[in-house]
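A single chain comes next, written as structure tokens; it is the form predicted alone.
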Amino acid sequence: MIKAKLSNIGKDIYTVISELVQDTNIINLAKISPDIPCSDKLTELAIKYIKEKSVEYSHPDGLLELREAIAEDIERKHGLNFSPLNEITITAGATQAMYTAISSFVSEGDEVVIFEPAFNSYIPAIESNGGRPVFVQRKLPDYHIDWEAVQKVINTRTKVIIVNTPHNPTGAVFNEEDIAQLRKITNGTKINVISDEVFEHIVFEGQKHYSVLSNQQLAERSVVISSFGITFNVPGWKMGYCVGSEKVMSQIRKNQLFQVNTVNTPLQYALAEYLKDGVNYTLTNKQFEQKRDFVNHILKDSRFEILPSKGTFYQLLNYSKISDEKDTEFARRIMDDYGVALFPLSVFYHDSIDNKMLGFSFARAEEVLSKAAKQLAKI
């Protein structure tokens, strides 16, 4: 009998909730795609190039014009120089990029350090490549990383450390000290770093996004994954990219060639032209910060304790002063009794740790957020 590799992996929480609320009047704040439309200009460019370029395959590493535009964009944003020829690769979204990066570095018996709560695609990718996830819990109340705890789990079998900043789903962000500690831990080792930075342009309260590529020693062993879907509100396009040193990128490209071969050509042309004129990321950042502040203002007098998100479009609520129920049970009761769907944070832990925390996306229309928050304030 054939045994499935990932027989213990089921649907992710967002899919489960979407199916539960389908054909109901429940407000889904666990919806991961934003209500905010992409710009008219980007839409027009997509239409233009779908008409002109749909018969073409692009280069397996991605359209050169797009890689050049990304390199220029990175230099403008961070003052960092990466070669579009050898150090940038276009991917079919961030999830594919993550799987390709993990499969490039992880073999049977290798250990991979991940920080929980963790996005749901990491563990299946590690295990399907024969690796073993090693879990380090982020510390409450702000979900920071305890780097001393990380040092204790590092050994000769450690092959990869996966980091995520801004962090999905807690909204925590790296600072300079986090970058310094990560460099210190990996220095003198053969450990690679995979950094999920898809929310790099959504960082609040004037904070700076600290990329692992900003440190030269870390950059030599790291690959950063980003997403046009998150940045430009086009998640349905499934367009992303990864950046890293030529040595790291050569490994990734070998796997990408056979896993994906090539990525959507017309949309690459559209994004390349869109990026050439420069993008004002401050507007995107401000838009989401205003949404966070709007919904949190409505909830400020509720019985929930708000843990203000520092980045991403996710917000956490501590309900320990309201109920002793498990987060999965409390989330379901809120759904049934108050008509609002939130996600329980325990599902992002391998052992379902319950800190009485629920989360929601504020990437919704203002009227939706207002209606949902007023319902939550009744609890």
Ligand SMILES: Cc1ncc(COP(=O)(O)O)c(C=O)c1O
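For every residue, the number given is its place in the sequence shown, counted from 1. Because the structure is a prediction, the values reported are computed rather than measured.
There is also a form predicted together with this ligand; it is not shown, and the following applies to it.
Of the residues Ser104, Thr186, Asn168, Thr158, just one reaches this ligand in the predicted bound form with a heavy atom at 4.5 Å or closer; this is Asn168. Contact with this ligand in the predicted bound form, defined as a heavy atom within 4.5 Å, holds for exactly one of Thr95, Asn192, Asn233, Thr265, namely Thr95.
With the partner left out here, this ligand still marks one of 294 to 302, 249 to 257, 148 to 156, 119 to 127 in the predicted bound form; by a 4.5 Å heavy atom cut-off that stretch is 119 to 127. A residue is said to contact a partner when one of its heavy atoms sits within 4.5 Å of a partner heavy atom; Ser227 meets this definition for this ligand in the predicted bound form. This ligand in the predicted bound form is not approached by Val223, whose heavy atoms all lie more than 4.5 angstroms from it.
Heavy atoms of His78 never reach within 4.5 Å of this ligand in the predicted bound form, leaving it off the interface. The shortest heavy atom separation between Phe204 and this ligand in the predicted bound form exceeds 4.5 Å. Residues from 176 to 202 that approach this ligand in the predicted bound form with a non-hydrogen atom closer than or equal to 4.5 Å are Asp196, Val198, Phe199, in the order they occur in the chain.
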